[in-house]
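Just one chain follows, in the form predicted on its own, and it is written as structure tokens.
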């Protein structure tokens, strides 16, 4: 296997491996077979496995999800949404059917459906193409929810989810697609991972905010300040033992929430760690409590930029040192790199 690979390539490789292993797997979604192949994640799959197994679909999200739920009773279905927002149209099938079939039929039936939901950010995505309701989905019993960060995460999470008899939703952030990292096949999915060690505080990050955590690590290392950095991969099931153990040491918990903090995954983590009996101080850094404006100039105010995040952390930890953040401040705040292209 070629290493390292981009996040979007790792998706393609996981899909290839699964489709090759099981000839009954169906892969469908809006744009699966078009020239852009969902940001190149499904490139070549239709040619390799045929139009009967890999195909584009009409704009009928709820009906198609119902078809996948039914197909998943005996076989395996993969459904892709180019935006998380489009998946909202199929919540009836996801919440009332897919997540509950195993329970309602006493364990005799279960729906093997894997749903990829892509989150947008910047570039005029606006209020209906940039949403992430990860906590809402994480509250549904019977539904597994993952939010991978790098190529290794998405490769293993996607592949194992396809062969998991439970319904699974995988949230993918568009800004991570060009990131490169090595991938190695794992026997099972990791729920949480510690990626750095320190004593000043514990930083918990999810999805695209893991990238922010790595940047914060570099910035604070200017003054030899180090943090425990813990990456959350599984939203449901959510495991906080590693976080509680870290906070017992550091006494300070900073949570980087990739969406709003009200009723969020971060607030759930706080509640669970508090009930574990650990005493600590905490701070959630998140988007503003509002929909994302389409305007380039207004959207800058919604997402926490690195310079502002560093200031918040310094105030929280009573750090008086000044840090150079110029290397990580971008004039075009709404694109991650020069390779980021339209229309989505």
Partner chain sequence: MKYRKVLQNLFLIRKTEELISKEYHKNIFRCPVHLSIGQEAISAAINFVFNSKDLAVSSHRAHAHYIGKGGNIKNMFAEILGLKGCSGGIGGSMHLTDKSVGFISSSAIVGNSIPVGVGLSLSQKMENKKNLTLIFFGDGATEQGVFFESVNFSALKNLPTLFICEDNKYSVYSSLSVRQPENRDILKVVKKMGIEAIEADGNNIFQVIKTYQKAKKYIFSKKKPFFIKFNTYRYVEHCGPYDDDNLNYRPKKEIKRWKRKCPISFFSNYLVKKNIMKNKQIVALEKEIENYIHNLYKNSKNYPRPNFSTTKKLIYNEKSR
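This is a predicted model, so every value here is computed, not measured. Residue numbers count along the first chain shown, from 1.
The form predicted together with the partner chain exists for this protein as well; it is not shown, and the discussion that follows is about that form.
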| query | finding |
| --- | --- |
| Single option in 127, 107, 165, 237 placed near the partner chain in the predicted bound form, where near means a heavy atom within 4.5 Å | 127 |
| Single option in 136, 89, 211, 242 placed near the partner chain in the predicted bound form, where near means a heavy atom within 4.5 Å | 89 |
| 4.5 Å heavy atom contact, residue 290 and the partner chain in the predicted bound form | yes |
| is_contact(residue 47, the partner chain) in the predicted bound form, heavy atom dist at most 4.5 Å | no |
| Contact of residue 85 with the partner chain in the predicted bound form (heavy atom, 4.5 Å) | yes |
| Touches the partner chain in the predicted bound form: residue 53 (any heavy atom, 4.5 Å) | no |
| Candidate stretches 309-317, 272-280, 295-303, 66-74, one within 4.5 Å of the partner chain in the predicted bound form by heavy atom | 295-303 |
| Contacts with the partner chain in the predicted bound form - residues in 40-77 whose heavy atoms fall within 4.5 Å | 56, 57, 58, 59, 60, 61 |
